[in-house]
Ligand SMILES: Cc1cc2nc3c(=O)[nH]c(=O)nc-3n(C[C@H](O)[C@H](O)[C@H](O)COP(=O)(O)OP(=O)(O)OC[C@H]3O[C@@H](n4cnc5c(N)ncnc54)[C@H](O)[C@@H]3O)c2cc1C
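Just the one chain here, the form predicted alone, laid out as structure tokens.
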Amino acid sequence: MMRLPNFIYRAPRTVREAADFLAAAPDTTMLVAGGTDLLPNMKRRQQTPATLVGLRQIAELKTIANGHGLTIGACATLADLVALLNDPRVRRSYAGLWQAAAQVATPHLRNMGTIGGNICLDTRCNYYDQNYEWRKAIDFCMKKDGQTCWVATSSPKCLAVSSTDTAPALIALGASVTLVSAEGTRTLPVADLYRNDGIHYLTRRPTEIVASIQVPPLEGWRSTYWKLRRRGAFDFPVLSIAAAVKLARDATVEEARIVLGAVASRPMEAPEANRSLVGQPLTDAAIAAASELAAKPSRPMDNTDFGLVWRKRVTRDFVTYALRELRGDDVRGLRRGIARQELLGLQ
């Protein structure tokens, strides 16, 4: 049985108190809320902080406010977020975020896991997400204790994959995130929270706490989220597509945002595809052209489930499904078919 390493646990009651604990020793301190990702990582000795600062007792981090836009405390559980967005009046504006949050892991894990934890989810790789003894047997990897990226041995950087579900959806919705430290507060777009590096994948400073996420009012917008995984429940994505469009009265696209997940060390936007959609209706031809352009940034590596060539190819298909749904097509049969395919493990 894998056991947790020894650590000191702090249980602050305010964000300021938590920030002070973090500032005291940022190199050896980590934050924990639900712990659904961090604690298994600690058991595998992927992360071994000397101190954990628990955020679950901080009431202000748990609030969700639906007023002028949506403000979500970082410690709001995914289950609570899904419950709020289940209200049809709310879901209409934030359908993509509801779909993304509802597809994270299992109900049990959504009861514990938080939105802040999900957007800060550690990057994943078949060579990294193993126990200590397995990793030691291959001489470790660049992400922890080694010097080589076993996915691409000549790579100068780690290629572990971003597997967060909610971040692509939040980026597509134009959300921002507020970070708090002992020095002050700053707000930045969720897209700017990430860099394409499997080790240093967050731009969050070591002394900062993700406090809240703000999603703007989305009048006239439609959004969706499509996820590919081996099983229709529990698994991390091996490909995800978050898409949002703002439609004019004549059904032409005024603005579009397509974001790819699980194809790089950060969620990848598809600016060429977005630009191609603006000013025209979502016809079959426009969707096909945008899907081809959106697949260009998709460069999956051989470090997650399924074959990388196939995952690259189906990026185009999943973007097509997402845009067809935003057009108003009935794609429920497609979703059910993909779920069956995942269950059978077919490619």
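Start at 1 and count along the sequence shown; that's the residue number. Remember, it's a predicted structure, so these values are computed and weren't measured experimentally.
The next section is about a form of this same protein that is not shown, the form predicted together with the ligand.
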Check whether S240 has any heavy atom within 4.5 Å of a heavy atom of the ligand in the predicted bound form, and answer yes or no. no
Is there any non-hydrogen atom of D235 lying within 4.5 Å of the ligand in the predicted bound form? yes
Any chance R257 has a heavy atom within 4.5 Å of the ligand in the predicted bound form? no
Answer for P297 alone: is it within 4.5 Å of the ligand in the predicted bound form, judged on heavy atom distances? no
Residues D129, A270 and R311 are flagged as a possible site; in the predicted bound form, is every one of them within 4.5 Å of the ligand by some non-hydrogen atom? no
Can you say which of 84-92, 181-189, 141-149, 107-115 gets within 4.5 Å of the ligand in the predicted bound form, counting heavy atoms only? 107-115
Name the residue from V245, I171, V161, L121 that puts a heavy atom within 4.5 Å of the ligand in the predicted bound form. L121
Find the only residue in P26, G69, G35, P281 having a heavy atom within 4.5 Å of the ligand in the predicted bound form. G35
